[in-house]
Structure formats: C-alpha cells, structure tokens
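Presented as structure tokens, the chain that follows is alone, the form predicted on its own.
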Amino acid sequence: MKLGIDFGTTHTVAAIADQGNFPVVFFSSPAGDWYDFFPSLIAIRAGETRFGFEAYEVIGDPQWTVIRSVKSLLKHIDRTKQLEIEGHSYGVLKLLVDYLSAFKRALRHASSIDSNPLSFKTSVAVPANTNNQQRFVTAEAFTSAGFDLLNMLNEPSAATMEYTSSVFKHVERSNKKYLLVYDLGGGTFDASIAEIQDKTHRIIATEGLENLGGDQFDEILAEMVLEQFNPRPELTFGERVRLLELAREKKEALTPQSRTILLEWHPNEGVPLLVRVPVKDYFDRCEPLVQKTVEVVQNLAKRIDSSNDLEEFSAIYLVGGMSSFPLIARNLKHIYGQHKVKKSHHCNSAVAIGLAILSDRESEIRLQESLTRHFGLWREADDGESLVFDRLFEKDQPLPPRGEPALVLRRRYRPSHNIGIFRFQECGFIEDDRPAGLVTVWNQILFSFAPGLEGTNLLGLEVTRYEHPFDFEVEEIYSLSAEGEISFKIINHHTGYSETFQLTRTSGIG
C-alpha cells in the first residue's frame, strides 16, 4: 500500500494512493471516536510509554510526563541527542522511532484502512528549511519503524500536488503559472514558489521561519490566561502542557465570527475557573507573528513579480494546520485581494494528499525541487592570512529531475598542507559573505595530502602548512542528487588515492 505521511508538529496525517483516489486515513481513539489525524504526543511514566490518543488521555496526570510537538525534537538533533525533562533523559531518536512505530500499529489496527497490507510504501514530507541532518534522522526514524520509504519531499512542494489535483485540474492545457504556497504548521512556516506548466512542477524559490508555528500562537493564548491570575501561578511541566493543549484546542476552534475565547482552567488541580479572553486582544498579540509570515511572502513574490501584485501567480495557496486562523487570510487578502488568496479544502491534510498523489503518479508528474539552504565550506585565502566561505551550491539551486544524472561541481588546486581539513556548513542565508541565519556545522572531514599518509588515521596528527604548495594537484568532486543528497569525492592526482563521503550520512547520529 502506498501512503503519503505528513509527520506534523501537532498532528500526523496519512493519505492513501488508491487507483486515482487519495482518501485521508481516519484513526479511532480508545473511546471509539474517529479523527482524521493521529496526535503527535508521547507520554512517559517509569519506563512505560503511550502515544497519540493514549498519550492525550493522560495530559494533566502528574504521574505522566507528556511531550507535545514530537516533531520539534528534530530541531535540536544536531545539538543534542538526549531530551532532558524534569531530571530525566530520553534518547531523541528512540522517542521518534517508538512514536512512528505506534503510528504504524494504529494504521494497521485502529484506522479506516480495511486491509492488512504487507508493507507501507511511504512518501514523507519535511519542512522546507530542514537541514540535511534532520532529513537523515527523519528518514532513519521512519525506516527503523518499519516503513518502506519511497520519497522525501519538502512540505510546500507536496502541497503543490494537492493544488493541481483539486484546484488547477486542467494544468496540462494551461499556460505557465506560478503558485505561492503558504504553509504554516504547528512548528514551522514555509513559503515556496512553484512554476507549473503541463505536468511539470518546478520549485524555484523557498523561504521560511523555522521557529514560528502554531506552538507560538498557543503560548500567546496561554500567557493571556496566566495574566488573569493574581498572583501569577508557577506551573509544573505537566501543568504547562495541559494549558498549552487547551490553548491549542481553543485556537483551532476560532472562526471569523468568534468574539470571545472561554477556557475552564485552574493550576495546581484547583477548582476550574472560567477565563475569558477577547478574540480581538488575542489577535492583536498574534499580529506580529502573522506579519513576519506576510513579509516572507512579499519578499518571495518579488522574485517573480517586482510589482508584488501577483499578476503572474494563479494563487497564494494556504495549507497547514494554521491556515484556518482568521488573521492570516485577512492580512493576505488586504494586500493581494480576495481572488488571489485561496485556502485548501484539505488544509490539514493537503501535504499528505500531495505525497500520495506523487507516489501514485510519479511516472506522469515531473517534480523538480530546489535546494532550500546554502551549502559550502571555509577555505584559506591570501596565503593563509584569511578565510573565505566557498559557496558550493547556492540556495534555490535547481535539483536534477528525478531519474537524471546528479549535478557535478569540481574544484582543482595544489595543496599547501599535509592534511586537508574540510569544514562544511549549511545556512539559511549569506550576510557579508558569511553563513548566517540557522547555520548547521557538519562533522569535519580529514584527507591526506602528503604522500605516505594515505589510509592512516589522521586524528591527532599535527596539521602543517608549507611555504610553497605541492607540485601536484588534488581534485574535489561534489555530486548533488535529485533528492538533495551531496556526495564528496577527493582525489590526489599524484598518487591516485581517493576517498568518497556521503555528506548526508557524515553528520548522522551514529
């Protein structure tokens, strides 16, 4: 069975590819209720774990530690492999694998799938600004949980598939058009421009905010609730989780007609009190967050249409769990007009449906992604007096179409050191010729330049810089695949010695 899975910060959603139909999978809770998602929650107690709906049931129980926004654990995977909560340490990868294993069990035994397939051939989406290490860990977690991984796409790219299927049905007969996907989920915001012509989708530009999502809107509402208590209560970890989940539910229930948010809540297991929050006041607090996403949209749109009136665009397409938040459409429609801003009919499941469509029609649809981050390394310049950042592959560099050869880039030079040290970095943008924004530092790679060191352990050896370069050349060869994976081969043309490194694996979690 082919599935598209959107592993979301708040909800995990799946859609099936079924002979041209792409139904969303419904999940049954322990109480027998049906939902079109599986909650992204983990509960832990003295070595016992619960997931999804079972974890939701113990929110507020002081015996359990409930972890919200499971997907957000990936944001910290390059800095820590352990999660510290109330004096306890949990392995991040194990938590992710256990959660996805529970999700797979729910697919088999507590979902609307009416068969028991031998395997789940799965396409998965990740936020566009996710770095390569986070992508690798996501792939490893799904594979370790028993999924047969087919594709990994950026979330806005998957949403373009759902758009062309449900809105832009006659794309094969249309002129070239641009689509701007606005994807605000529980933990991240991404915006992408897709060029759509015939059955070709080409992602040509992407921007995003890695630390802005629905969680931040929940925190604002929770803060407004706490402000109404005097003295302000001190919350335990569990109490804060309970308040944030309540805030999320109230936020998701808002409509354009809502005027007051009513919450029954009290800290420290006291008698629940009715708290009133005016919607207008809440929106005023949320306005700066929404404006940050609008600025990203405006800057991105100018790459295609400098007048920023979106004449070249078929739509700004709203997807993601936050796309129904009334303030978003109001702001965008005020700038671009009612006719340009469209919300997916399947906003919570658009990405999963798009993934299912691609897995079913991959031979018919041509999707060309682009790099969402700069990739390069530091090199010496001015005879060793300074360092410069060599941008090997630029952000928005088109990836090779699937099935076509990798893009190859070469660097050739005479080395001046006995050992080459390669310090690769990814970043969101370049400022003053230096990596800026969210910078990910890869594990350093060592390579022997001096004859006689080939094949030896170079760790701990002193690096020597010679006054004059060697009289032979070395060559670096970089290959960029359709999946965005980068391999690095270096050859000593004097001795013929070479080594190859798969950079997406080099910074894996071991």
Ligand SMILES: Nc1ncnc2c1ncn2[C@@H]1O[C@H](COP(=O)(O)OP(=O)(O)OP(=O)(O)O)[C@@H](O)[C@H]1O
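Note that this is a predicted model, so its numbers are computed, not measured. A residue's number is simply how far along the shown sequence it sits, counting from 1.
Unshown form predicted in complex with the ligand; subsequent notes refer to it.
Shown alone, this chain has one stretch from 317 to 325, 390 to 398, 136 to 144, 98 to 106 that lies within 4.5 Å of the ligand in the model of the complex by heavy atoms: 317 to 325. Using a 4.5 Å cutoff between non-hydrogen atoms, T188 counts as a contact of the ligand in the model of the complex.
Among heavy atoms of D215, some come within 4.5 Å of the ligand in the model of the complex. Among heavy atoms of K251, some come within 4.5 Å of the ligand in the model of the complex. Taking the partner from elsewhere, K71 is found to have a heavy atom lying within 4.5 Å of the ligand in the model of the complex. With the partner removed from view, the residue among S370, N348, T164, T293 that has a non-hydrogen atom within 4.5 Å of the ligand in the model of the complex turns out to be N348. Taking the ligand as positioned in the model of the complex, the residues of 2 to 20 that bring a heavy atom within 4.5 Å of it are, in sequence order, D6, G8, T9, T10, H11.
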